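Below you'll find only one chain, the form predicted alone, shown as structure tokens.
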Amino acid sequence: MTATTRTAPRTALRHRLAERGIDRQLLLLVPALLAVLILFIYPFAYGMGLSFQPAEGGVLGAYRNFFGDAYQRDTIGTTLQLALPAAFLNVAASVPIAYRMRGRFRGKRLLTTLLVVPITLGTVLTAEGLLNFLGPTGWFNRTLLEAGLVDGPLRLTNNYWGVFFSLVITGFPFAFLLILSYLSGIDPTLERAAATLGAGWWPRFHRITLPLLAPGLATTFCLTFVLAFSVFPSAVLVGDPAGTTRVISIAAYHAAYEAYDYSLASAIAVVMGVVELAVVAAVLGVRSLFYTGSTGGKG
């Protein structure tokens, strides 16, 4: 008897990947991973390597030049003095407004639109508006002068306050939308159940809503802080870029495009990243302590 030889059917790709414990849908991550590698990982690695290749001073020469010069080193404190208060104010102001707007009421869409309009203006247009409104001859100062409330115009631009107002205006809509989305995801029946037991609005917010909102608050603060820490146009347009608002991004720009010291500019960029990561790590650490304390130390 002649045996009939048959070719075994080829196993489908998804089955072969499944046998190796690989989900075929993970292949969809390949384009995104390539984009991250090309647009983020490679520039970061290139800049990091460039920061260790100064023209003189050895491997750490660029970092020594930055930290050894008080004019350069003080830009870290200047940037933190702008970014931290602006991020804190944006998050703190967003919580009560978002808390009141999480339910359904008439005119909610219109009010939400008005609150997020500044995010569509852009930094340059916001700075131009601040110069026209808060400048020495702007509407705000003219109103105060005509009302006899001040003897001379208040200086609210081309200094610290001009940059701070710009960061608040452009950062608040971003923080508000994030907080509103986090609050909308909290089950309202939890507060209703507490209300039936006689709990007022503050105990309900403090013991129920706030612990559930804590991870979202920390994430929103971190994102808002990073957004404010990279301030550049506002510090130039409505600040004092050579003095009180000389932030670290301006120092990096001057090193790269005025002094043509790309190694120093890369070192400053690395320092920026390290400072941002330190603040983010500190906030996430505080969030973990808060969350653990609110749950009584239980996982």
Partner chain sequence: MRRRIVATPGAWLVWGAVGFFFVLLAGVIGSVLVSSFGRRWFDTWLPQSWTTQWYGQAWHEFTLLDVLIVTVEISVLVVAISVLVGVPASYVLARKNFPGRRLLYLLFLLPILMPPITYGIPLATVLYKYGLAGHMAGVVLANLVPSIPFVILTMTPFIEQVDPAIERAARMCGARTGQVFARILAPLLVPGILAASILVLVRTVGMFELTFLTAGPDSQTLVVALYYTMSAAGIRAQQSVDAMAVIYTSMMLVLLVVALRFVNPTQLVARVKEDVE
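Positions refer to the first chain, counted from 1. It should be emphasised that the depicted structure is a prediction, and the values quoted were computed from it without experimental measurement.
Beyond what is shown, the protein has a form predicted together with its partner chain; the following relates to that form.
- Message: Within 4.5 Å, heavy atoms only, which of 242, 259, 55, 35 is in contact with its partner chain in the model of the complex?
- Response: After the contact test, the surviving option is 35.
- Item | Contacting member of 92, 114, 154, 84, with respect to its partner chain in the model of the complex [4.5 Å, heavy atom] | Selected option: 114.
- Considering only heavy atoms, tell me if residue 252 and its partner chain come within 4.5 Å of each other in the model of the complex. Judged by the heavy-atom cut-off of 4.5 Å, residue 252 is in contact with its partner chain in the model of the complex.
- Query: Any chance residue 76 has a heavy atom within 4.5 Å of its partner chain in the model of the complex?
  - Reply: Looking in the model of the complex, residue contacts with its partner chain do not include residue 76, since no heavy atom lies within 4.5 Å.
- Proximity of residue 180 to its partner chain in the model of the complex, heavy atoms at 4.5 Å: Yes, residue 180 is a contact residue.
- Query: Heavy atom to heavy atom, is residue 26 within 4.5 Å of its partner chain in the model of the complex?
  - Reply: Residue-level check for residue 26: yes, a contact with its partner chain.
- Item | Stretch 62 to 99 - residues with a heavy atom within 4.5 Å of its partner chain in the model of the complex | Result: 96, 97.
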